[in-house]
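Take a look at this single chain, the form predicted alone, given in structure tokens.
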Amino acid sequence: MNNLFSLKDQTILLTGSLGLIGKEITKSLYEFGANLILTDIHDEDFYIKNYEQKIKSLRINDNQKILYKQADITSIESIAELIDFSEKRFNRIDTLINLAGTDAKIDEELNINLDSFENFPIDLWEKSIDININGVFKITQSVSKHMKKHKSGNIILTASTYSLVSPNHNLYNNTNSSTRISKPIDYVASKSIIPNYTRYLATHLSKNGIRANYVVPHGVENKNPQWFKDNFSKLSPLSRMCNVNELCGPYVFLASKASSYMNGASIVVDGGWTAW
């Protein structure tokens, strides 16, 4: 029986590939045999200096390729250059995995009260809309045109539990500090588009052999302060945050033939956070 999870001979375009989640998923996709086109906002010199040798050391066969191309998903011109680059080197893009996005970090030293909806800075709102909504639209629209020519394709988008529920304010309550922080409205609102946007893609592009699904991560540990991890453990059914490598399986699954009858669906990887 063929390995349903094999990605051999498949070409995957991965945006946001140098981020926390992107770096880990890149390794898994490569280990399962995919040819990869990695892209991020960082330039090629940054990639070569920090990541190239680490990623290429994972190669499982001599024919497997991994290439990097800087791109800005908010720019139609930049995306066009990225797709042209991909077509010239691989002829086709079988799967798009979009991880690119902006996410305000929890920082007690911020001078802006991001918990204040009525005073939330409009420039931060517009930045999130431009990347998390307009950028997602531009990259999926452009790649779907390419996929339509080949009458096949697979689009995997990345949502958030805050696409499904509102932030629990108890998670962000640090009793040892007078500074109030929370997950700001720009992230919550801009990520909330992903579920229905994916369903739209799934139902409108399926006639062209293109399917679309999305992953819902939550609480990926990344040097978080202890008070935050303690709060998270009290609120999560699994009583801990997510290890970044626990997201690899869902993305590999959606990229593989094992998920061939999934379309317009979600895989929620939140330790039961939205099950309460």
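Counting begins at 1, following the sequence as shown. Computed from a prediction, not measured in an experiment: that's the story for all the values here.
Beyond what is shown, the protein has a form predicted together with a small molecule; the following relates to that form.
Legend entry - Region of this chain that lies against the small molecule in the model of the complex, out of 88 to 96, 198 to 206, 158 to 166, 116 to 124 [heavy atom, 4.5 Å]: Residues of 158 to 166 come within 4.5 Å of the partner.
Legend entry - I41 within 4.5 Å of the small molecule in the model of the complex, heavy atoms: Contact with the small molecule, yes.
Legend entry - is_contact(T74, the small molecule) in the model of the complex, heavy atom dist at most 4.5 Å: Looking in the model of the complex, residue contacts with the small molecule include T74, since a heavy atom lies within 4.5 Å.
Inset, instruction - Answer for L20 alone: is it within 4.5 Å of the small molecule in the model of the complex, judged on heavy atom distances? - result: Within the cut-off, so yes.
Legend entry - Partner proximity in the model of the complex: A100 to the small molecule, non-hydrogen atom cutoff 4.5 Å: Close contact exists here: in the model of the complex, A100 approaches the small molecule to within 4.5 Å, heavy atoms only.
Inset, instruction - Identify whether the small molecule in the model of the complex is within 4.5 Å of every residue in the set Y187, K191 and P217, based on non-hydrogen atoms. - result: Yes: each residue has a heavy atom within 4.5 Å of the partner.
Legend entry - Position in contact with the small molecule when the complex is considered in the model of the complex, options I131, M147, I83, L171, heavy atoms within 4.5 Å: Exactly one listed residue reaches within 4.5 Å, namely I131.
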